[in-house]
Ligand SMILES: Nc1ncnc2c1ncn2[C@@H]1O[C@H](COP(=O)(O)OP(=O)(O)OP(=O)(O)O)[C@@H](O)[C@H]1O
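Okay, here we've got a single chain as structure tokens, the form predicted on its own, with questions on binding and movement later.
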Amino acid sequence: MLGKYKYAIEIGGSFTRIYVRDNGYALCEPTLVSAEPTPQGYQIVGLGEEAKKMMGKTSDSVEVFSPISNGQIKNYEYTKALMNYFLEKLDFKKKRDSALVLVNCGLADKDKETLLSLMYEIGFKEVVLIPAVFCSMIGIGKNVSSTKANMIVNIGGANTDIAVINMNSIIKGATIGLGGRAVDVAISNQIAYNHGLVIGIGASEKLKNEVGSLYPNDTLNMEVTGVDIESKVPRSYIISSSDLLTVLEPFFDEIIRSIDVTITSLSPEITTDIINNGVQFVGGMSKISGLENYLKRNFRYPFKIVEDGENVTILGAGKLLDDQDLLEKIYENT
């Protein structure tokens, strides 16, 4: 039997979020580390928000990166340092008793074991891994115990989770390696190829957030400064929404194809539930301008883009911390 858990932790490809029972939504910071080489090896110079501030603004020797990729821990020691840093900021260092840790529905067993080892190593006594899609559903007010199936698509920073849930179980679930970070890299590559201008990932992210749009005729634009590929000197260029559309459309086209594949593999009864309830879109990339218009043109099922989609998962996890019976049922079925 599971006990009462104190923390809910979502270690995302872009952000780490922490909810503390009886204290609420306590932390949201970039899942980033900055480090520079020394004679003794790489030394950490910034974590979380501080690391993000260093993107493109330090010497070439300083690297800013996420130690998490596609839900997997790629660098154990940096992830450990990052989690200790976040937890110490919350001033709960001596109370690391128990935690729910949210994971992608397609995370491999060996990666789950690595994550559990890390959580125990940083001081937690009890840890349970819960697929994040359950918390997303709970966060938007869906009944995961219902016999009627619901479908959720969480387009996050590192990947996209697609899941169909009923009766506290995942009927069908998949994780695909498409997220906001992939879009940032693609934008940077496209600007280098089309305009001969090298810009940093931080500038690409800003472009995506401020002028990225799926409207075919959007007129938003923004000036960006980078380094000219040929002359190697700084140069500015006006990037328009239409420049980014050729990156964004293929990204969402691939997600739509994956959703279609998932739905066509379901029984007619489950498909009928999904049509009746609509497909729920959450995650940071669900905020992109013009997504509703794009889905109306390209998606053949009813849908809803959830407001505050980037936070519903951790808020749902907060609700799960207070519902031990539901947590037990979900845990038994995962």
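In case it trips you up, residue 1 is the first one in the sequence shown, and so on. No experiment lies behind these values; they were computed from the predicted model shown.
Form predicted in complex with this ligand: not shown, discussed below.
Residue heavy atoms within 4.5 Å of this ligand in the predicted complex occur in exactly one stretch of 207-215, 111-119, 81-89, 232-240, and that stretch is 207-215. Contact with this ligand in the predicted complex, judged by any heavy atom within 4.5 Å, is made by just one of 164, 137, 244, 155: 155. Comment: this ligand is not present in this chain, but in the predicted complex one of 181, 195, 96, 142 has a heavy atom within 4.5 Å of it, namely 181. A residue is said to contact a partner when one of its heavy atoms sits within 4.5 Å of a partner heavy atom; residue 288 meets this definition for this ligand in the predicted complex. This ligand is not drawn, but in the predicted complex it has a heavy atom within 4.5 Å of residue 12.
Using a 4.5 angstroms limit between non-hydrogen atoms, residue 284 touches this ligand in the predicted complex.
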